[in-house]
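Next comes just one chain, in structure tokens: the form predicted on its own.
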Amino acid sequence: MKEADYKELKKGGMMRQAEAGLFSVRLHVVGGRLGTRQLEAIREAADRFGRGEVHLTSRQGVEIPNVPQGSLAELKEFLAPSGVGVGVCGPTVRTVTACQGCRVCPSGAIDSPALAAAVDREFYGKPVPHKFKVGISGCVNNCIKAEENDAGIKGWIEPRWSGEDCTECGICEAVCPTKAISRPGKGMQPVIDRELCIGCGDCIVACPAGTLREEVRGFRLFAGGKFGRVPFLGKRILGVLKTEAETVAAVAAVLEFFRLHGKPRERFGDTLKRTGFEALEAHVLGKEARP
């Protein structure tokens, strides 16, 4: 097979194996969610075109290994009616990962699967300078490890002190895991350090008088993370985004910045090390001149 032909196959999620003539086919699985009809189709495809086994990837994906080159097109056609598409490789926006979110998990602050579907619908497979991964954690427990993604999103609950019925018990200060809450003195309003706050909402739940309440429940965006050979944790940018639409728009602006400033085969985090995170924030906020 010519290298150019293989590159085209790889773009479509079909990766050459060590064993000559065989491919591992990556499937498009958004947020790790599959219906039983899709699972049945994948099982039958693995039996019919592979060796009766699948591989679960580290990013919630499914791959069917041991597929002969001559069966790749037929496998794709077989899966299509069930709604299972093939994945992507190369310099593109990859499948979005997500936790189960607030509809399933008691700790969830946002509907992660719904946001994953929206982000995937807008950006999946779109070209960028290098591979670009998006991961969504529904809360600060961070099961999807938002900071390890090129763009990571985390559910966030920001507290505010209402002043009503405060007994100055100090529980909010005691339960805060990052010591973001302090009380300057008796009769004085507690101080909430927004930089230290991790958006867990523990102080709100623990407050016996209901004095601490939600200021906003939304989405925090992290940029530039990656794993692999040289890991790098992404950094928090912007404030708390209040809506799903606002978050999708922010991801769009992040991708636009990457296309403008990224170099071929350069991960987004390395681009940001050159440009500075401040330049990214200025672009997303519309303070940088757009092309």
Partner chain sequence: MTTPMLDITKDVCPMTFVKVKMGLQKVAPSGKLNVRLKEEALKNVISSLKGEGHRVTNVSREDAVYILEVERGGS
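Positions refer to the first chain, counted from 1. Source: prediction; values computed, not measured.
What follows is about the form predicted in complex with the partner chain, which we do not show.
For the partner chain in the predicted complex, the listed stretch (145 to 153, 197 to 205, 87 to 95, 130 to 138) containing residues with heavy atoms inside 4.5 Å is 197 to 205. With the partner removed from view, the residue among 105, 191, 216, 171 that has a non-hydrogen atom within 4.5 Å of the partner chain in the predicted complex turns out to be 171. For the options 118, 80, 166, 175, the residue carrying a heavy atom within 4.5 angstroms of the partner chain in the predicted complex is 175.
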